[in-house]
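First comes one chain, alone, set out as C-alpha coordinates in the form predicted alone.
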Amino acid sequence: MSAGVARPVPAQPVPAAPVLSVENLSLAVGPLALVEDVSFDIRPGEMLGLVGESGCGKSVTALSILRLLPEPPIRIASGRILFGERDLAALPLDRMQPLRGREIGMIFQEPMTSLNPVFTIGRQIAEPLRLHLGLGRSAALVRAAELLDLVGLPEPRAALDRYPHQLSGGQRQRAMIAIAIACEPKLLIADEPTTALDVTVQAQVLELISRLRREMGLACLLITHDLGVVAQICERALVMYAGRIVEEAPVLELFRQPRHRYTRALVDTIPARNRPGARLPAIPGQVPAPGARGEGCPFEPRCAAPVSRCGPERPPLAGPWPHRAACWNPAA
(Lines give C-alpha, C1' and ligand atoms only; values in the text may rest on other atoms or scores of the structure.)
Protein backbone atom coordinates (compact mmCIF):
# COMPACT_ATOMS: atom_id res chain seq x y z
CA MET A 1 0.00 0.00 0.00
CA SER A 2 1.45 3.40 -1.01
CA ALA A 3 2.45 5.98 1.59
CA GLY A 4 -0.26 8.36 2.67
CA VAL A 5 -3.12 5.97 1.82
CA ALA A 6 -5.20 5.15 4.85
CA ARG A 7 -5.53 1.48 5.72
CA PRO A 8 -9.19 0.44 5.84
CA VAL A 9 -10.45 -0.24 9.35
CA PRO A 10 -12.28 -3.57 9.71
CA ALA A 11 -15.97 -3.09 10.34
CA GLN A 12 -17.02 -3.85 13.90
CA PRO A 13 -20.01 -6.15 14.34
CA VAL A 14 -23.15 -4.26 15.28
CA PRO A 15 -24.74 -5.70 18.44
CA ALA A 16 -28.12 -7.25 17.80
CA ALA A 17 -31.09 -5.24 18.98
CA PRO A 18 -32.48 -6.44 22.33
CA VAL A 19 -35.33 -8.92 22.19
CA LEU A 20 -36.58 -7.48 25.48
CA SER A 21 -35.88 -4.11 27.12
CA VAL A 22 -37.31 -3.45 30.57
CA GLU A 23 -37.05 0.25 31.36
CA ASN A 24 -37.54 1.69 34.87
CA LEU A 25 -40.28 -0.81 35.72
CA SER A 26 -42.10 -0.32 39.01
CA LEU A 27 -44.94 -2.53 40.30
CA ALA A 28 -47.18 -1.68 43.21
CA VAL A 29 -50.15 -2.78 45.28
CA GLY A 30 -51.91 0.36 46.41
CA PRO A 31 -49.19 2.56 47.98
CA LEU A 32 -46.80 -0.36 48.52
CA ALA A 33 -43.99 -0.81 45.98
CA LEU A 34 -43.24 -4.43 45.05
CA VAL A 35 -40.61 -3.74 42.39
CA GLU A 36 -38.87 -0.39 41.91
CA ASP A 37 -37.08 1.08 38.91
CA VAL A 38 -35.95 -2.21 37.33
CA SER A 39 -34.13 -1.99 33.98
CA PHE A 40 -32.37 -4.61 31.84
CA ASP A 41 -31.96 -5.84 28.25
CA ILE A 42 -31.78 -9.35 26.80
CA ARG A 43 -30.33 -9.92 23.33
CA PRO A 44 -30.84 -12.87 20.95
CA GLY A 45 -29.00 -15.97 22.14
CA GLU A 46 -28.17 -14.45 25.54
CA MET A 47 -28.76 -16.15 28.89
CA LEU A 48 -29.37 -13.52 31.57
CA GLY A 49 -29.58 -14.62 35.21
CA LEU A 50 -31.79 -12.84 37.76
CA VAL A 51 -30.71 -13.94 41.22
CA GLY A 52 -31.65 -13.17 44.81
CA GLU A 53 -33.30 -14.62 47.90
CA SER A 54 -36.98 -15.51 48.04
CA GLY A 55 -39.06 -12.36 48.44
CA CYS A 56 -36.73 -10.11 46.45
CA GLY A 57 -39.18 -9.66 43.55
CA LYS A 58 -37.70 -11.98 40.91
CA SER A 59 -40.82 -13.98 40.02
CA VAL A 60 -43.06 -10.91 40.18
CA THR A 61 -40.77 -9.21 37.66
CA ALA A 62 -40.87 -12.25 35.37
CA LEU A 63 -44.65 -12.58 35.55
CA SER A 64 -45.09 -8.88 34.80
CA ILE A 65 -43.40 -9.35 31.41
CA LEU A 66 -46.22 -11.68 30.35
CA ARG A 67 -48.81 -9.60 32.27
CA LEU A 68 -49.78 -12.65 34.31
CA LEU A 69 -50.14 -10.75 37.58
CA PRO A 70 -53.67 -9.93 38.77
CA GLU A 71 -54.46 -6.39 37.65
CA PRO A 72 -55.84 -5.15 40.10
CA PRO A 73 -54.67 -5.35 42.85
CA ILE A 74 -51.18 -5.24 41.30
CA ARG A 75 -50.52 -2.41 38.87
CA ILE A 76 -47.66 -1.23 36.70
CA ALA A 77 -46.87 2.05 38.44
CA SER A 78 -44.32 3.23 35.86
CA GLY A 79 -41.88 2.09 33.20
CA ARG A 80 -41.94 0.18 29.92
CA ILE A 81 -41.57 -3.46 28.86
CA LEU A 82 -40.40 -3.28 25.27
CA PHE A 83 -40.67 -6.51 23.29
CA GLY A 84 -39.42 -5.48 19.89
CA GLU A 85 -41.36 -2.32 19.16
CA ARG A 86 -44.31 -3.18 21.41
CA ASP A 87 -44.64 -1.86 24.94
CA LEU A 88 -46.19 -4.79 26.81
CA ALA A 89 -46.82 -2.59 29.85
CA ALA A 90 -49.27 -0.49 27.83
CA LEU A 91 -50.78 -3.32 25.76
CA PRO A 92 -54.43 -4.23 26.46
CA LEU A 93 -54.59 -7.61 28.16
CA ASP A 94 -56.61 -9.18 25.33
CA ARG A 95 -53.70 -8.44 22.98
CA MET A 96 -51.26 -10.30 25.20
CA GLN A 97 -52.81 -13.70 24.47
CA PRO A 98 -51.29 -14.06 20.96
CA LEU A 99 -47.84 -13.38 22.43
CA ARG A 100 -48.01 -15.85 25.32
CA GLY A 101 -46.63 -19.15 24.18
CA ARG A 102 -46.13 -17.94 20.61
CA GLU A 103 -43.41 -15.31 20.96
CA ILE A 104 -42.66 -15.58 24.68
CA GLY A 105 -42.44 -18.99 26.33
CA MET A 106 -42.31 -19.59 30.07
CA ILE A 107 -41.17 -22.47 32.24
CA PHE A 108 -43.04 -22.04 35.50
CA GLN A 109 -41.53 -22.52 38.93
CA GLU A 110 -43.08 -25.77 40.10
CA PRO A 111 -43.00 -28.73 37.69
CA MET A 112 -45.11 -30.87 40.03
CA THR A 113 -48.14 -28.58 39.81
CA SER A 114 -47.72 -26.49 36.63
CA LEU A 115 -49.15 -29.17 34.33
CA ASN A 116 -52.91 -29.76 34.23
CA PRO A 117 -53.54 -33.12 35.97
CA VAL A 118 -56.67 -33.98 33.94
CA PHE A 119 -55.16 -33.66 30.44
CA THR A 120 -52.59 -35.88 28.78
CA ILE A 121 -49.10 -34.59 28.11
CA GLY A 122 -49.75 -34.79 24.37
CA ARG A 123 -52.86 -32.63 24.61
CA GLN A 124 -51.07 -29.98 26.68
CA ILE A 125 -48.16 -29.72 24.22
CA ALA A 126 -50.50 -29.77 21.21
CA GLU A 127 -52.67 -26.93 22.55
CA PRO A 128 -50.29 -24.02 21.73
CA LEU A 129 -49.47 -25.62 18.37
CA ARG A 130 -53.15 -25.68 17.43
CA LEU A 131 -53.91 -22.27 18.93
CA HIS A 132 -50.95 -20.30 17.60
CA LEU A 133 -49.80 -22.21 14.52
CA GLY A 134 -53.15 -23.53 13.33
CA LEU A 135 -52.05 -27.18 13.18
CA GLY A 136 -54.68 -29.89 13.03
CA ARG A 137 -54.96 -32.45 15.82
CA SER A 138 -52.90 -35.16 14.11
CA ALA A 139 -50.16 -32.78 12.95
CA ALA A 140 -49.99 -31.19 16.40
CA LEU A 141 -49.53 -34.58 18.09
CA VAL A 142 -46.81 -35.54 15.61
CA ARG A 143 -45.00 -32.30 16.40
CA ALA A 144 -45.59 -32.85 20.14
CA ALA A 145 -43.80 -36.20 19.93
CA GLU A 146 -40.91 -34.53 18.09
CA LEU A 147 -40.67 -31.93 20.86
CA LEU A 148 -40.63 -34.58 23.59
CA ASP A 149 -37.85 -36.32 21.71
CA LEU A 150 -36.00 -32.99 21.42
CA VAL A 151 -36.11 -32.44 25.18
CA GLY A 152 -34.94 -36.00 25.83
CA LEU A 153 -38.08 -37.64 27.22
CA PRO A 154 -37.86 -41.46 26.82
CA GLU A 155 -40.42 -43.08 24.51
CA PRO A 156 -41.87 -39.75 23.35
CA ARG A 157 -44.80 -41.23 21.40
CA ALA A 158 -45.92 -43.30 24.36
CA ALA A 159 -45.51 -40.28 26.65
CA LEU A 160 -48.16 -38.38 24.66
CA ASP A 161 -50.90 -40.51 26.25
CA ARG A 162 -49.58 -40.26 29.79
CA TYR A 163 -50.89 -37.94 32.50
CA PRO A 164 -48.60 -35.74 34.63
CA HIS A 165 -48.86 -38.03 37.67
CA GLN A 166 -47.40 -40.85 35.57
CA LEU A 167 -44.14 -38.91 35.01
CA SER A 168 -41.25 -38.24 37.37
CA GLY A 169 -40.36 -34.70 38.41
CA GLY A 170 -37.59 -34.45 35.84
CA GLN A 171 -39.85 -35.81 33.10
CA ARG A 172 -42.56 -33.27 33.97
CA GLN A 173 -40.01 -30.48 33.75
CA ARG A 174 -38.96 -31.71 30.31
CA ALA A 175 -42.61 -31.71 29.27
CA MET A 176 -42.94 -28.14 30.57
CA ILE A 177 -39.91 -27.13 28.51
CA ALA A 178 -41.44 -28.79 25.43
CA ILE A 179 -44.60 -26.69 25.91
CA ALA A 180 -42.55 -23.51 26.39
CA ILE A 181 -40.55 -23.96 23.16
CA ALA A 182 -43.33 -25.54 21.07
CA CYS A 183 -43.92 -22.45 18.92
CA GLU A 184 -40.21 -21.49 18.76
CA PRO A 185 -40.55 -18.26 20.78
CA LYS A 186 -38.06 -15.41 20.65
CA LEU A 187 -37.85 -15.16 24.44
CA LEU A 188 -37.83 -17.92 27.04
CA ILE A 189 -38.43 -17.13 30.72
CA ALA A 190 -37.38 -19.90 33.11
CA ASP A 191 -38.60 -19.27 36.66
CA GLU A 192 -36.65 -21.49 39.08
CA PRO A 193 -36.68 -24.38 36.55
CA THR A 194 -34.83 -26.79 38.86
CA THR A 195 -37.02 -26.38 41.96
CA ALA A 196 -37.78 -29.70 43.74
CA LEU A 197 -35.49 -31.70 41.41
CA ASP A 198 -32.58 -33.79 42.62
CA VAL A 199 -29.04 -32.69 41.79
CA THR A 200 -28.54 -35.06 38.84
CA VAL A 201 -31.83 -34.07 37.21
CA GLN A 202 -31.09 -30.37 37.87
CA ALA A 203 -27.87 -30.65 35.88
CA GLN A 204 -29.69 -32.39 33.02
CA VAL A 205 -32.43 -29.75 32.87
CA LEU A 206 -29.93 -26.88 32.92
CA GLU A 207 -27.89 -28.47 30.16
CA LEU A 208 -31.08 -28.96 28.14
CA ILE A 209 -32.10 -25.30 28.50
CA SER A 210 -28.58 -24.17 27.59
CA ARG A 211 -28.46 -26.44 24.53
CA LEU A 212 -31.88 -25.32 23.28
CA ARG A 213 -30.86 -21.70 23.76
CA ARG A 214 -27.78 -22.20 21.60
CA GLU A 215 -29.53 -24.24 18.91
CA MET A 216 -32.64 -22.05 18.64
CA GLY A 217 -31.01 -18.66 19.28
CA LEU A 218 -33.37 -17.99 22.17
CA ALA A 219 -33.04 -14.99 24.43
CA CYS A 220 -33.39 -16.45 27.94
CA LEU A 221 -34.17 -14.94 31.32
CA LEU A 222 -33.28 -17.39 34.10
CA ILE A 223 -34.80 -16.69 37.52
CA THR A 224 -33.02 -18.43 40.41
CA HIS A 225 -31.83 -18.11 43.99
CA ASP A 226 -28.89 -20.41 43.23
CA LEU A 227 -25.66 -18.64 42.29
CA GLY A 228 -24.20 -21.96 41.20
CA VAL A 229 -26.84 -22.21 38.47
CA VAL A 230 -26.00 -18.70 37.30
CA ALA A 231 -22.30 -19.52 37.18
CA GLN A 232 -23.02 -22.65 35.17
CA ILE A 233 -25.05 -21.35 32.24
CA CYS A 234 -25.40 -17.52 32.25
CA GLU A 235 -23.24 -14.85 30.60
CA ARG A 236 -24.60 -11.89 32.58
CA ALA A 237 -26.33 -11.63 35.91
CA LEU A 238 -28.58 -9.22 37.77
CA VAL A 239 -28.69 -9.37 41.57
CA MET A 240 -32.03 -8.32 43.03
CA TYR A 241 -32.76 -7.31 46.60
CA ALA A 242 -35.98 -5.90 48.09
CA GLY A 243 -37.50 -5.18 44.69
CA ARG A 244 -34.47 -3.43 43.16
CA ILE A 245 -31.51 -4.39 41.01
CA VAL A 246 -28.50 -3.86 43.28
CA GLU A 247 -25.77 -5.19 40.98
CA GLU A 248 -25.31 -6.23 37.36
CA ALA A 249 -22.19 -7.64 35.76
CA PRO A 250 -20.77 -10.32 33.48
CA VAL A 251 -20.94 -13.56 35.45
CA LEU A 252 -17.19 -14.17 35.68
CA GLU A 253 -16.59 -10.64 36.98
CA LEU A 254 -19.50 -10.87 39.40
CA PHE A 255 -17.97 -13.93 41.06
CA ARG A 256 -14.39 -12.65 40.88
CA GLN A 257 -15.10 -9.21 42.34
CA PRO A 258 -18.64 -8.62 43.64
CA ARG A 259 -19.18 -4.98 44.58
CA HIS A 260 -22.47 -4.85 46.44
CA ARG A 261 -22.25 -6.10 50.01
CA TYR A 262 -25.32 -8.28 49.43
CA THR A 263 -23.71 -9.96 46.41
CA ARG A 264 -20.52 -10.40 48.41
CA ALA A 265 -22.49 -12.11 51.18
CA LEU A 266 -24.27 -14.40 48.69
CA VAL A 267 -21.00 -15.40 47.02
CA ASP A 268 -19.43 -16.13 50.40
CA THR A 269 -22.15 -18.70 51.16
CA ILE A 270 -21.22 -20.88 48.14
CA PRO A 271 -19.84 -24.18 49.53
CA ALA A 272 -17.08 -24.38 46.91
CA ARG A 273 -15.64 -21.08 48.16
CA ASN A 274 -15.28 -22.39 51.71
CA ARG A 275 -12.90 -24.92 53.25
CA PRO A 276 -14.17 -28.51 53.31
CA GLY A 277 -15.95 -29.12 56.59
CA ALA A 278 -16.04 -25.43 57.51
CA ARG A 279 -19.26 -23.89 58.77
CA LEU A 280 -20.89 -21.96 55.95
CA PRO A 281 -21.47 -18.25 56.58
CA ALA A 282 -25.07 -17.04 56.76
CA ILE A 283 -26.67 -13.67 56.12
CA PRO A 284 -28.46 -12.54 59.31
CA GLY A 285 -32.06 -11.36 59.20
CA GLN A 286 -34.40 -11.55 56.25
CA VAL A 287 -35.51 -9.64 53.16
CA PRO A 288 -37.73 -6.70 54.25
CA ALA A 289 -41.35 -6.82 53.15
CA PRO A 290 -42.82 -4.11 50.93
CA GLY A 291 -43.58 -1.14 53.12
CA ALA A 292 -40.72 -1.95 55.51
CA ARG A 293 -37.77 -1.06 53.29
CA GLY A 294 -36.98 2.37 54.72
CA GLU A 295 -35.54 5.39 52.93
CA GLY A 296 -31.96 4.22 52.53
CA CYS A 297 -30.32 0.99 51.40
CA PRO A 298 -32.73 -1.85 52.30
CA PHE A 299 -29.77 -4.18 52.95
CA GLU A 300 -28.29 -1.87 55.61
CA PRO A 301 -29.79 -3.74 58.64
CA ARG A 302 -28.16 -7.00 57.45
CA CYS A 303 -24.93 -5.54 56.07
CA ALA A 304 -21.56 -6.41 57.63
CA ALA A 305 -19.99 -3.07 56.68
CA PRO A 306 -22.58 -0.24 56.60
CA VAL A 307 -21.52 3.42 56.55
CA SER A 308 -23.35 6.48 57.87
CA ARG A 309 -25.18 7.34 54.65
CA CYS A 310 -26.58 3.81 54.13
CA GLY A 311 -29.52 4.39 56.50
CA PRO A 312 -30.85 7.75 55.23
CA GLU A 313 -29.83 7.61 51.53
CA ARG A 314 -30.68 5.01 48.90
CA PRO A 315 -27.66 4.40 46.65
CA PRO A 316 -28.13 4.55 42.86
CA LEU A 317 -27.07 1.78 40.51
CA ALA A 318 -23.77 3.25 39.33
CA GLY A 319 -20.35 2.43 37.93
CA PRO A 320 -18.76 1.88 34.53
CA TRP A 321 -20.60 -0.44 32.18
CA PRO A 322 -20.88 -3.42 32.21
CA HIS A 323 -20.37 -3.74 36.00
CA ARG A 324 -22.61 -1.54 38.12
CA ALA A 325 -23.67 -1.68 41.77
CA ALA A 326 -25.93 0.25 44.15
CA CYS A 327 -23.72 0.42 47.25
CA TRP A 328 -22.25 3.30 49.28
CA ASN A 329 -19.43 1.06 50.57
CA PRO A 330 -18.57 -1.38 47.77
CA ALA A 331 -16.73 -4.57 48.61
CA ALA A 332 -13.02 -4.49 47.79
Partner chain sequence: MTAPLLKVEDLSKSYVDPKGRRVEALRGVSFEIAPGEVLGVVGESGCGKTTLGRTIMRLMEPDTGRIWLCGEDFAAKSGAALKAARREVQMVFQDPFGSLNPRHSVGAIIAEPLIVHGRLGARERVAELLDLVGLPPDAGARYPHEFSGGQRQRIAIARALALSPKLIIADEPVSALDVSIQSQILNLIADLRERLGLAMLFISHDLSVIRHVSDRIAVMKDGLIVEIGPAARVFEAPEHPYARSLLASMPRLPDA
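In this text, rigid core is short for the largest set of C-alphas that superpose within 1.5 Å between two forms. Because the structure is predicted, anything quoted here is derived from the model rather than measured. Residue numbers count along the first chain shown, from 1.
There is another form of this protein, the form predicted together with its partner chain, and it is not shown here; the text below is about that form.
Engineer: Answer yes or no: in the predicted bound form, does its partner chain come within 4.5 Å of a heavy atom in every one of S39, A77 and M106?
Structural biologist: Spot residues vs its partner chain: no contact at all.
Engineer: 226-234, 140-148, 127-135, 95-103: which one contacts its partner chain in the predicted bound form at 4.5 Å, heavy atom to heavy atom?
Structural biologist: Comparing against its partner chain in the predicted bound form, the contact stretch is 226-234.
Engineer: Its partner chain isn't shown here, but in the predicted bound form which of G291, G30, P271, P70 has a heavy atom within 4.5 Å of it?
Structural biologist: That would be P271.
Engineer: Consider the chain as shown here, without its partner, and state which of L252, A158, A90, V118 has a heavy atom within 4.5 Å of its partner chain in the predicted bound form.
Structural biologist: Here the answer is residue option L252.
Engineer: Whether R43 contacts its partner chain in the predicted bound form should be assessed with a 4.5 Å heavy atom distance threshold; does it?
Structural biologist: Heavy-atom contact with its partner chain at 4.5 Å: absent for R43.
Engineer: So in the predicted bound form, does any heavy atom of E207 sit within 4.5 Å of its partner chain?
Structural biologist: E207: no contact with its partner chain in the predicted bound form.
Engineer: Indicate whether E184 is a 4.5 Å heavy atom neighbour of its partner chain in the predicted bound form.
Structural biologist: Residue-level check for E184: no, no contact with its partner chain.
Engineer: Answer with yes or no whether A305 is in contact with its partner chain in the predicted bound form, where contact means some heavy atom within 4.5 Å.
Structural biologist: No.
Engineer: What residues, if any, in 279-304 have a non-hydrogen atom within 4.5 angstroms of its partner chain in the predicted bound form?
Structural biologist: Contacting residues: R279, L280, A282, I283, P284, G285, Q286, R302.
Engineer: Inspect the rigid-core superposition and answer whether the C-alpha of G291 shifts by 2 angstroms or more between the shown form and the other one.
Structural biologist: Where the cores coincide, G291 shows only a C-alpha shift between the shown form and the other one that is less than 2 Å.
Engineer: Please say whether, between the shown form and the other one, the C-alpha of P281 moves by 2 Å or more once the core is aligned.
Structural biologist: Indeed, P281 is displaced by 2 Å or more.
Engineer: Aligned on the rigid core, do the two forms place the Cα of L32 2 Å or more apart, comparing between the shown form and the other one?
Structural biologist: The answer is no; the displacement is under 2 Å.
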